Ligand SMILES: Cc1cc2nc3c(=O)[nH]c(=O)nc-3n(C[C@H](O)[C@H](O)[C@H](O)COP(=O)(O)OP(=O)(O)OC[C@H]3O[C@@H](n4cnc5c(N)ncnc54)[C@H](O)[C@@H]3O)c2cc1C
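Single chain ahead, by itself, as structure tokens, in the form predicted on its own.
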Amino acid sequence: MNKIYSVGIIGAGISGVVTALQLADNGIESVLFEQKNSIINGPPFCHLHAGGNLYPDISDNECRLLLKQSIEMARLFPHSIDKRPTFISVPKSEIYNTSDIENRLNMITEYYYELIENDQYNEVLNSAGNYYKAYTESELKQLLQLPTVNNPESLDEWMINAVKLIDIEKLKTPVFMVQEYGWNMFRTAAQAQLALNNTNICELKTNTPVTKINDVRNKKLGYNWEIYTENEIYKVHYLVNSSGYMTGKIEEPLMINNERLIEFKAAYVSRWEPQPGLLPEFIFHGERGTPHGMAQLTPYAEHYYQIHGMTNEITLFKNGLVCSHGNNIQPTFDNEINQKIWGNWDKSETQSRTQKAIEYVSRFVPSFHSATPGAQPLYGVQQVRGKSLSRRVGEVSFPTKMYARCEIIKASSALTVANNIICKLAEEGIYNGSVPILKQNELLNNILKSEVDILASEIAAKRGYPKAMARLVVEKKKEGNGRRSSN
């Protein structure tokens, strides 16, 4: 193949896809490789992480960055955002103080005010004055007397529905209702796929594993890298490694070294019909990896619920966390974990872990014991640069010329990664345009919600999940062809 691309991107996860879309929006030609038959396959995500509310131990700076990045991604993928809040609580058995959580929520609220002052279109998590509300035990008991609200809108109405199900006596008060929204992976994949289909500036190659990379930077060939697939050789000026947990496999033969952790985790799908009214997401904080790690219950449409339990019996796995060492740049899992990565789950283990997840949530939501397994697990592998698992924010590094390594930990960092890569392309002389600012991506902006509805359902079904999981819990009232522009 004689064509020379400006950028070659290996891996069409959320980072690779958003990078390709941002490149296209800025007129930069790229070729995007994905070994699977569709884009954005995992690790799965289900909420924005707008403010770091699920991580009591991270720094305030990381919380602010997560809020900013989550708002940016919500603006980029509006048809994927489920506008339902999250119930945040601390069990009485845990060391976390509710006063610390409230202080942090106040800090996040102040920063949210700042972001809205800088750009009115950042007000995507309701108004800053309604970002969260704290509830004392007496206030919860008063709400308990009020009737269920089928389609709640205010934080109080969401809390009315929630308090009818939780065991208040097991929780410290106050508890909190926070405008931490859901983020639907199937819908994100659909909107991105539709946008990529509408451009000829990015050439998407699905079902196309990369077999080898040749570094030809010093050979004066008019390009810098050769990307080998089974049938073709692609020539590119700039290489973006967005391979996720397999990043090291690309880097080993190129002798680009970097310490990293990779971790396999899973969430479980259940079905439960508790009451007519819609429910928020539920978070019950706990220390990760202990028998009382955080419990998380995420609602989907038609009474499907996703469960995380941050224990070794549920979401975490023995030998599920491995690190690079010595000359082995790519960490490796044992055969048991590798089988799961490729979808070969033992049915009895799936049943057992799902049932344990149901029982785990039932400690705080007693009626949830009637839930039943609803589908196969949602699972994936997360990469963390270095050796600190406590790190929740990762972006992009440039360890050598004409090369970028994507290192996102949370999907909300993807736009930051893409824009940093464009800045680097300008620095390397490949891009002559202006440095990108936060603006609407026109390719994504022109996608209709109705188009996303159809394709997202197809994607969910092809991956073995109920089509209902591709729908929003809180359906938008109006059809639109995108959003207001903030250019």
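Numbering starts at 1 and follows the sequence shown. In this text the structure is predicted, and so the values were computed from the model without any measurement.
Just so you know, the form predicted in complex with the ligand exists too; it's not on screen, but the next bit is about it.
The ligand contact in the model of the complex: residue 242, any heavy atom under 4.5 Å: Although the ligand is absent here, residue 242 would touch it in the model of the complex, with heavy atoms inside 4.5 Å.
Distance check, residue 209 to the ligand in the model of the complex, heavy atom within 4.5 Å: Flag for residue 209 set to yes.
The ligand contact at residue 246 in the model of the complex, heavy atom, 4.5 Å: Answer yes; at least one heavy atom of residue 246 falls within 4.5 Å of the ligand in the model of the complex.
Heavy atom of residue 409 within 4.5 Å of the ligand in the model of the complex: Close contact exists here: in the model of the complex, residue 409 approaches the ligand to within 4.5 Å, heavy atoms only.
Proximity to the ligand in the model of the complex (heavy atom, within 4.5 Å), stretch among 410-418, 254-262, 328-336, 172-180: Contact-bearing stretch, as computed: 410-418.
The ligand: the contacting residue among 98, 355, 382, 199 in the model of the complex [heavy atom, 4.5 Å]: After the contact test, the surviving option is 382.
Contacting member of 79, 308, 75, 340, with respect to the ligand in the model of the complex [4.5 Å, heavy atom]: Checking each option against the ligand in the model of the complex, the one that comes within 4.5 Å is 308.
Stretch 45-60 - residues with a heavy atom within 4.5 Å of the ligand in the model of the complex: Counting only heavy atoms within 4.5 Å of the ligand in the model of the complex, the contacting residues of 45-60 are 45, 46, 47, 49.
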